[in-house]
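Next up: a single chain in structure tokens, the form predicted alone.
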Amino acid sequence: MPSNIMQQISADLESLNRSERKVAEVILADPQAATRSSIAVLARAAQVSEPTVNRFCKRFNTAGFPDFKLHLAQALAHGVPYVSRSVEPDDDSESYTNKIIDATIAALVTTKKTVDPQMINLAVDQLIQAKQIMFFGLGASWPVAQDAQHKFFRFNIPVVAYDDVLMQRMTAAASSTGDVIVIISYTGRTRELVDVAELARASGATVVGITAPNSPLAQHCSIVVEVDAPEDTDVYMPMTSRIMHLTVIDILATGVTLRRGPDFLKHLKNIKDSLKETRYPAK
């Protein structure tokens, strides 16, 4: 895959057939609009058929139009430092609203393609039989750990979440076989979390990492649910990566729920019913 699909389209423009060139010219004229278009809208703008647009996309080594849009968005993304790589300094509210939403959708598409169902299955295997579950996260990953605690307490398994490094270290050192520690880190390069993973493994706990592939943290986990997205959190505010991690937590919680079987749904219903008296009736 070319590192910059825009440059590749420009370079190949003269070699395209007439219909494909129409598609290329529409994209090059307004690439941001192309990332937000449906295949039908782009085909109408280029005055070609939808199959022609798909052939054009596959010519540039993408799986089809959705995959092409993802690569196009990545090529355009450079953004405002410490905010988002999707946003330009002169964007108005409509532009940056659409860009953030589009970037999030693209990140979720990436998650769908890259998350390994086998690793999800292995993680659920450990979570369903855990004596206790601990979720660790620092910085932007801490709200994800809190969300995980909020979901997993429903499963009648002792659950806790920590964002304090000293508590994480002590808990890891005190853990044992049957305990599951889930460590959430987008970069997987936070030294404290890598140290905690080593401590937990040495104590006999199972360590599930929700983190970047081939990261230092991943190398010290029992099971790794890889999450990889084009977001440089060393430069930009964590946005899409956080949404991807929340989605993975939802997937794991759903897996545990389904493993519990239909009889467990009564327990979940009781929890929901307990909230009815706290709410005004819906209008």
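Every value quoted in this text rests on a predicted model; they were computed, and no experiment measured them. From 1 onward, residues are counted along the sequence shown.
The same protein has a further form, the form predicted together with the DNA, not shown here; the description that follows concerns it.
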Legend entry - Ala29, heavy atom within 4.5 angstroms of the DNA in the model of the complex: no
Legend entry - Asn214, heavy atom within 4.5 angstroms of the DNA in the model of the complex: no
Inset, instruction - State yes or no: in the model of the complex, is some non-hydrogen atom of Met239 no more than 4.5 angstroms from a non-hydrogen atom of the DNA? - result: no
Inset, instruction - Could you confirm whether Thr257 comes within 4.5 Å of the DNA in the model of the complex, counting heavy atoms only? - result: no
Legend entry - Partner-contacting position among Ile243, Ile39, Ala33, Ile251 - heavy atom within 4.5 Å of the DNA in the model of the complex: Ile39
Legend entry - Whether Arg18, Gln47 and Ala63 all lie within 4.5 angstroms of the DNA in the model of the complex by heavy atom: yes
Inset, instruction - Just give me the residues of 44-60, first to last, that have a heavy atom within 4.5 Å of the DNA in the model of the complex. - result: Gln47, Val48, Ser49, Glu50, Pro51, Thr52, Asn54, Arg55, Lys58
